[in-house]
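Quick setup: one chain, the form predicted on its own, written in structure tokens, and binding and motion questions come after.
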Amino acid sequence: MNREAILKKFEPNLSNILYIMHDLQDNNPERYLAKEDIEACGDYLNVPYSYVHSVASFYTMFSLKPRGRNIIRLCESPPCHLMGADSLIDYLKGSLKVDIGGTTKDGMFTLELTSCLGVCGVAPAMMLNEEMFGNLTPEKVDSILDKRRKEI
């Protein structure tokens, strides 16, 4: 869907800014808010570029730089930390050969951290795009990522 079609889905009301930004990001093949997206959103809502940019940089679910086709968000909340999230972070960094915020060379995965996913009962947990996974082990992570690689 092109930028103009996304904007027209919403009333030009500031209360729609997050919805618009999510749609713009989700429809970008590199899964981020490009400068042109932020400019278009600001023009449509009649607010300055700096306002839209500040909203985008405040929320961790938005990115201002290109990302992979699949976004891995590993929870680093206290329950996940206590259940081994740190070792999973190290495992994913080594397995994917990226640091936090990095994207694999093939553009398949971007590794991010999040403060809480709200599923403490199945810690440690992660989101892969919009899908939640819990009770993670390195083997389970490998299985999840291998399955995603085969889907593309």
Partner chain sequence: MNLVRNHVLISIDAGTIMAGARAVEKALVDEINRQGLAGEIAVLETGSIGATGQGVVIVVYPEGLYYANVTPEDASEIVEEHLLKGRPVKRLIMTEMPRQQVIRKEKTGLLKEQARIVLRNSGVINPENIDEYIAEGGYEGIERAFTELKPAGVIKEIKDSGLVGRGGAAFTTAMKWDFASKAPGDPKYIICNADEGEPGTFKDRLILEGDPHKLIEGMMLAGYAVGAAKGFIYIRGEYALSIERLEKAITQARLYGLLGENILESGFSFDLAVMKGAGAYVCGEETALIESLEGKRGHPRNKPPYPVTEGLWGKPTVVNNVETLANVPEIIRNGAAWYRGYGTDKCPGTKVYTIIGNVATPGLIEAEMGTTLRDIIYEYAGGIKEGKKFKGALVGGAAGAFMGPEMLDAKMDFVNLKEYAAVLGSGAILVMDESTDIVGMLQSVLHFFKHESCGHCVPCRLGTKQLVEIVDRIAGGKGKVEDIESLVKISEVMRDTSFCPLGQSLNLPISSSLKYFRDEVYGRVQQPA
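Numbering follows the first chain given and starts at 1. Computed from a predicted model, the values in this text were never measured in an experiment.
The same protein has a further form, the form predicted together with the partner chain, not shown here; the description that follows concerns it.
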| Full three-residue contact with the partner chain in the predicted complex, heavy atom 4.5 Å, for 27, 32 and 71 | no
| task | State yes or no: in the predicted complex, is some non-hydrogen atom of residue 49 no more than 4.5 angstroms from a non-hydrogen atom of the partner chain? | result | no
| query | Do residue 121 and the partner chain share at least one heavy atom pair within 4.5 Å in the predicted complex? | reply | yes
| the partner chain contact in the predicted complex: residue 22, any heavy atom under 4.5 Å | yes
| message | Considering non-hydrogen atoms and a 4.5 Å limit, does the partner chain approach residue 141 in the predicted complex? | response | no
| Options 34-42, 60-68, 101-109, 87-95; stretch whose heavy atom lies within 4.5 Å of the partner chain in the predicted complex | 60-68
| message | Going through 1-16, which residues have a heavy atom within 4.5 Å of the partner chain in the predicted complex? Please give them in sequence order. | response | 14, 15
